[in-house]
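First, one chain by itself: the form predicted on its own, in C-alpha cells.
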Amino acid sequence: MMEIITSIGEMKTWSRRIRDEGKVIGLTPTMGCLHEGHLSLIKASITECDSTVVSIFVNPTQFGPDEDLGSYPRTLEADKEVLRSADIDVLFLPTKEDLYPDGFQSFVEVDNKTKYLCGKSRPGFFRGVTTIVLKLFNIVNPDTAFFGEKDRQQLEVIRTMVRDLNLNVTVTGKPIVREDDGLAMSSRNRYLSEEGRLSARSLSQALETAQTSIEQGERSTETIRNKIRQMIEKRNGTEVDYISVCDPEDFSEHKEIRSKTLIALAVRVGNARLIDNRIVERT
C-alpha cells in the first residue's frame, strides 16, 4: 500500500528505517500532473530499487515573476490514483511552508552550465531547481534519483551539483517519452489548443530533419539552426525562445557539427513553453 507522507521529519524517519533494513531507495522528484514520461521514471525506480518514493511539489523558486506558477496544472487526486496503481512505496507531499519557512535565505547554484539554454532565458530557474533537489535529497536520502532526458540541461546541472558537493546519490537519466505524434510528453502540453498541438509537432519534426541533414554530411551549425527555425516559425502561434547546437555536457555553442552534438529547442506555442532535444552522432 502506498504511504502518503507530508512531514519532513516523518519522511526522514521512514528513510532511516528503510536504510537500516539494508534496502535501496529510489526517488523520482516531480511537480505532479503525471504522464507516461513520469511513469517511465517511476517504473525504472521500482525495477532498480527496493523502495520507491515519488515527490510532488510545485516549486515556486524555479518560476520567474511572469511565468506560470499560478496556472501550472495541478491534478493531485488523479496523481494519487496513478501512483497507487503503480504500486510505489511513498508519495511525499511536502508543503511550501515546511520547505521554505519564513526567513529562508539559502540557495544552491551551479555556475557555468547554467549560462546557456534555459538558464539564459529563464534567470534564476536553475537556482530554484538545484536548491529544491538538494533539499529533497537531504530529506529522502535516496540511493538513486531518476530524471528525464527531455530536461537534459537540468539533468546535467543536477549531476554537476551531486559531484561538486560530494552527495551520495546516483543521478540516472531516462529517455524522452513521446506522444504518438512525436511530441515530447510534458505537463504543459495541457495548455495546447488543437491548432497548437499541430504546431507543437514541429519541434520533433525539426529535430528529425536536423539529424537527417547531419547524417547526410551537413556540418554548419548555422545552416542547421536556420532549417529548424524555418520549420517551426512557419507554423501558427509559434515563437522560438532558443535553438542551440551545442556541447551535450557543458552546453557551449558549436560553430560546426562535431562527433557528438546536442540540438536543443525551447519554443512557445500559444501559452505553452515547450522544450525538446536530440543528441546527434556525426558519422
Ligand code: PAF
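Quick caveat: nothing in here was measured; it's all calculated off a predicted structure. Start at 1 and count along the sequence shown; that's the residue number.
In what follows, reference is made to the form predicted in complex with pantoate (PAF), a form of this protein that is not presented.
A.B. asks: Could you tell me if F147 has a non-hydrogen atom within 4.5 Å of pantoate (PAF) in the predicted bound form?
C.D. replies: Yes - in the predicted bound form, heavy atoms of F147 and pantoate (PAF) come within 4.5 Å of each other.
A.B. asks: Indicate whether pantoate (PAF) has at least one heavy atom within 4.5 Å of a heavy atom of D151 in the predicted bound form.
C.D. replies: Result yes; D151 sits at the interface with pantoate (PAF) in the predicted bound form.
A.B. asks: State yes or no: in the predicted bound form, is some non-hydrogen atom of M31 no more than 4.5 angstroms from a non-hydrogen atom of pantoate (PAF)?
C.D. replies: Taking the distances in the predicted bound form, the answer for M31 is yes, it comes within 4.5 Å of pantoate (PAF).
A.B. asks: Could you confirm whether V157 comes within 4.5 Å of pantoate (PAF) in the predicted bound form, counting heavy atoms only?
C.D. replies: Because no heavy atom of V157 falls inside 4.5 Å of pantoate (PAF) in the predicted bound form, the answer is no.
A.B. asks: When pantoate (PAF) is placed as it is in the predicted bound form, which of 167-175, 130-138, 104-112, 202-210 ends up with heavy atoms within 4.5 Å of it?
C.D. replies: Stretch 130-138 is the one.
A.B. asks: Considering non-hydrogen atoms and a 4.5 Å limit, which listed residue (S40, Q62, T221, S51) is close to pantoate (PAF) in the predicted bound form?
C.D. replies: After the contact test, the surviving option is Q62.
A.B. asks: Can you tell me which bits of 191-213 touch pantoate (PAF) in the predicted bound form, meaning any heavy atom within 4.5 Å?
C.D. replies: Read in sequence order, no residue approaches pantoate (PAF) (within 4.5 Å, in the predicted bound form).
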